[in-house]
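Quick heads-up: it's one chain on its own, the form predicted alone, in structure tokens.
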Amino acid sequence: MPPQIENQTERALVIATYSREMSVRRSNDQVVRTRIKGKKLKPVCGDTVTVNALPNEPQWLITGIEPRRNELKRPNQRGSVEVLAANVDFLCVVAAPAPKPDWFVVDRYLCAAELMGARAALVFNKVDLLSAHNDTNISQNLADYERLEYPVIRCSAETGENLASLLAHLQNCTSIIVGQSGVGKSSIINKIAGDQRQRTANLSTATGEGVHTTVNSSMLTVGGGGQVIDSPGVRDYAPSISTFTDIARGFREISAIADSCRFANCRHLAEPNCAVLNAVEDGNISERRYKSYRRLIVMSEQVNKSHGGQSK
């Protein structure tokens, strides 16, 4: 590597994180290892950061984070939220016949995607197992998402069936693959990203002395110029959604008719002349999806109560 120029500053993309050290891709596509200036900066995969060259050192220094378009967050054990990824264009929510689909987890991620301003699709993996899990509720629920104009991609990471359709959605954007445990998220990533996981792990060698650190998250390249953020923290934890107004905005069928409610601050729970409740009763809004909405409301109220606040 050529010697660094003192005070050289530029913007770069975070493509892998290892606790307080990271790999970034410079504008010339060179990948360099960095450390972070101070303890307040908390870059994540997908961030555009300001980096400074360190003279006579192979590492660069992250000195700032550019404003984010969006954030994918989860609750942490300290009662606050932690950002897991940033600047996401596309959220792939994975479900499968086995383990039994947790449609509430699917709805929670789709709600988060709406609030982030990210596109979203439901990836229904393991279609090769459908004949052994003849569940009419699966077909009905998939049809409900299609009626809401969410792409539903029926595929199999095991056989490769219809993975080309998924790859078409991943082109020219930054994506994240999420969903409940056991549905085959890692298998899908392995299929579409090849051996990049191992190559990324090799980048975690900090020095020529064989010191390694665990890769917390990484950005993998897929066909068509797309990038997939691979992080267990992102894949296996439901996102944080805190207020009932956000929850209502995150369910596109509720948001579409909420202005028709009698009260401007209607929570769509038991208020009179509620357009949402009427639509559920008439069958125009899925009763199961509405139950997910109510469940998220209850969860947000419990969280806010435990923190001494109120859901708004």
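In this text, all values refer to a predicted model and were calculated from it rather than measured experimentally. Throughout, we count residues from 1 along the sequence that is shown.
Quick note: we don't show the form predicted together with a small molecule, though the next part is all about it.
Exercise. Do all of Ala157, Val183 and Ser186 end up near the small molecule in the predicted bound form, with near meaning a heavy atom within 4.5 Å?
Worked result: Answer is yes for this spot.
For this session: Decide whether Leu129 counts as a contact residue for the small molecule in the predicted bound form under a heavy atom distance cut-off of 4.5 Å.
Result: Answer yes; at least one heavy atom of Leu129 falls within 4.5 Å of the small molecule in the predicted bound form.
For this session: With heavy atoms only and a cut-off of 4.5 Å, decide whether Asn125 touches the small molecule in the predicted bound form.
Result: Within the cut-off, so yes.
For this session: Tell me the stretch among 142 to 150, 175 to 183, 219 to 227, 81 to 89 that has any heavy atom within 4.5 angstroms of the small molecule in the predicted bound form.
Result: The contacting stretch is 175 to 183.
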